[in-house]
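Next comes just one chain, in structure tokens: the form predicted on its own.
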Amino acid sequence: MSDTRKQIKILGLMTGSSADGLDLCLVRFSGQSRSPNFDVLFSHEIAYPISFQKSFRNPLELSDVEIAQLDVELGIWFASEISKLELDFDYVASHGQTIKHEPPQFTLQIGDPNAMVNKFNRPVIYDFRTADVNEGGQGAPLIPVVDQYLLQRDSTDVLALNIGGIANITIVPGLHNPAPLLAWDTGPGNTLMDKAVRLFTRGEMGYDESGELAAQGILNRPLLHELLKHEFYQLQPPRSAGQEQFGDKYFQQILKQFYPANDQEFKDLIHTLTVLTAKTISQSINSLASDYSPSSLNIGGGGAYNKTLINLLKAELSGIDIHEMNKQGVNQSNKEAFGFAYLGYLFLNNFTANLPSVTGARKAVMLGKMCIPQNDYSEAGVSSR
């Protein structure tokens, strides 16, 4: 399906592996090229109910019946929360909540689009990862095409880093650099730090605000040495990670090696996990071939607010200018939700959206499926879910 209107408003929805809530970004796109003009009209964050947080932070423990029930409940919750905002949009582009991600076998994001279709009488574009996985790709990361759209310059190579539950890096070569755009997951972003903070505070804190707890700890070098042995870091890109690699099972293994005996040791654990995130990000950047010469790094995601983590990165990457993402209303908080609005735009205009150099797919393909209002089922090329 294509939408031939010169201007179109798409509401992008993103729920990440941190499982803390829903990010929304309403974008008006103007034009029909791969690089349309855009205006960010609205951005917002909505915290998940506690029940969702508990379920989505340990998705591998969910039964098939529980997953099916949560699929429906999450879709209904999306519709309910969005309706409170009284927004005007033409389409919704929803990433959904990742429950399982084991490429190249399968990937699963839930959040039944039917509830939003029925509530707003607007089409919903969803399931953005499966088409890439079906072509042998990782199905992730998908935001690099957005990094290219926002950040590519004529002669300068640029880095983009997103620190969500999992951290991923993109190198966007300048237009005059023939080297390919590359991107991959570097390893844990906030996920292990967050688990340690929740354990330390008995659930009173969900994350290390500003990195204050990590700043009070010291490095446990033997533990860091063991953590850096994880087989994921030995994989060559394309690679992607999730709860399968760095979820609760792995965190419990860490606790068997080093269970904090007191408050200070908890802070040491949080500090060491923060260093792990910084080290694995910097190692990925430093592994770039000589074909790339990035001088700047744009950071997005919740980890951008962790001052201790950012200071560690600045120390590890002293030759690179590190700053928060900020371009025409796209910032560290809304970039991924904006990204799925853009992926929805690409779908509507019949553009491919995956990057085989990033995901390892056999070819570039269109990403997404569409769920439409019943009265639109007769449109050519469009089917209901």
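All residue numbers are counted from 1 along the displayed sequence. Given the structure is predicted, the values throughout are model-derived calculations rather than measurements.
In what follows, reference is made to the form predicted in complex with a small molecule, a form of this protein that is not presented.
- Contact annotation for the candidate site: S18, N190 and G301 all lie close to the small molecule in the predicted bound form (heavy atom within 4.5 Å).
- Only one listed stretch (132-140, 280-288, 112-120, 164-172) carries heavy atoms within 4.5 Å of the small molecule in the predicted bound form, and that stretch is 164-172.
- The small molecule is not shown here, and in the predicted bound form it never comes within 4.5 Å of any heavy atom of S240.
- At a distance threshold of 4.5 angstroms between non-hydrogen atoms, S210 is in contact with the small molecule in the predicted bound form.
- Under a 4.5 angstroms non-hydrogen atom cutoff, the small molecule in the predicted bound form lacks F200 among its neighbouring residues.
- Proximity of N306 to the small molecule in the predicted bound form falls within the 4.5 Å heavy atom cutoff.
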